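Only one chain is included here, represented as structure tokens and corresponding to the form predicted on its own.
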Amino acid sequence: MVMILGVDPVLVLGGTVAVALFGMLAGLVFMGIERKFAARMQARIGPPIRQPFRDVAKLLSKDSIVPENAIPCLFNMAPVLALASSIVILLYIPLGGFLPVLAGYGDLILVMYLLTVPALALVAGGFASGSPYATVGSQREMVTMMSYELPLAIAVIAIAWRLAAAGIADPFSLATIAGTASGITIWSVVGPLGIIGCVLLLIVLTWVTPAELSRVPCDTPEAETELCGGLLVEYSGRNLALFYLAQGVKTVAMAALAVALFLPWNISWFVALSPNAALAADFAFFLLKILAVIFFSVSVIRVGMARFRITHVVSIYWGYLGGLGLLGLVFMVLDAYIGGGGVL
């Protein structure tokens, strides 16, 4: 068997296919469950959980219409890039008791960069469509990206920094942060001040998630009532289906990132199980944690809030959430000094 740079290409290829299938299927299932959550909180019945599968199947059966004023190559490539980059993110994140497929070949900083690629694909597709509505939506998406990147960076880097201050090797690796191999997590390292800091950073990440996913109250780039769909106004058929799948995969990726950072515990850490039973139990528990993250960071927020104006998005994420993230970072630093977790 040929080995390239110490990597078995067959295992990597098989793992990539498995993760891609899991991301798309789980993304559609969780999107259906999330819509059901929102409907129940609004005293509605809501669509069936399988509705996203029906939507994608219907879109895949239709042709993609390319506008006359569009740039066809870029217009058709954008949804493919969005879906592919969303899947790649999952290759670097632990899924339950499973190590990332590309563990050791990318870290938290790379994941942060990859999270911007689906949004950039949306922006490129919007500009390439030639529609004035999509152009405005693309401009809003860029502003939104610049707004939530600051609190997101503070939240994730603070966790890695605190692990490094505690002397943990390879602190920017998501496998290390999630304690997949060692069982050491951020909660086992910090003291009382660090716990307060972690809670503040968790709140920040909870509010960053709907902005990353362009969900209410941060859906200003699409804003159906204002921009008729904004970025996606000219997309249809298979292209729109790919964007829909990309949103589902990115939903799973964002929730999995939150789980790895702040909810890393596995069943097998507390209950003695056989190896196969431990993997199954940990994966099932992982799915429950994903569902909990989606409920609180997507469903609850979008039901309880109205859409922000684009100026409000900037002020809230740069001002309030950025400040809250910095406060959480200060608590982490104080915890490291007082607890003796490291010397700056």
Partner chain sequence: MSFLPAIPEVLRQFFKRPATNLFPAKYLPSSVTKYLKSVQEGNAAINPPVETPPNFRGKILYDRDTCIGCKLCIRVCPANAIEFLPDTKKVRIFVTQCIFCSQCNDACPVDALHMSDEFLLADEDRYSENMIVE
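For clarity, every value in this text was computed on a predicted model and none was experimentally measured. Numbering follows the first chain given and starts at 1.
The same protein also has a form predicted together with its partner chain, omitted here; what follows describes it.
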| item | value |
| --- | --- |
| Heavy atom contact within 4.5 Å of its partner chain in the predicted bound form, the stretch among 56-64, 22-30, 280-288, 36-44 | 36-44 |
| Residue 48 within 4.5 Å of its partner chain in the predicted bound form, heavy atoms | yes |
| Touches its partner chain in the predicted bound form: residue 275 (any heavy atom, 4.5 Å) | no |
| Non-hydrogen atom contact residue 303 with its partner chain in the predicted bound form at 4.5 angstroms | yes |
| Residue 295, heavy atom within 4.5 angstroms of its partner chain in the predicted bound form | yes |
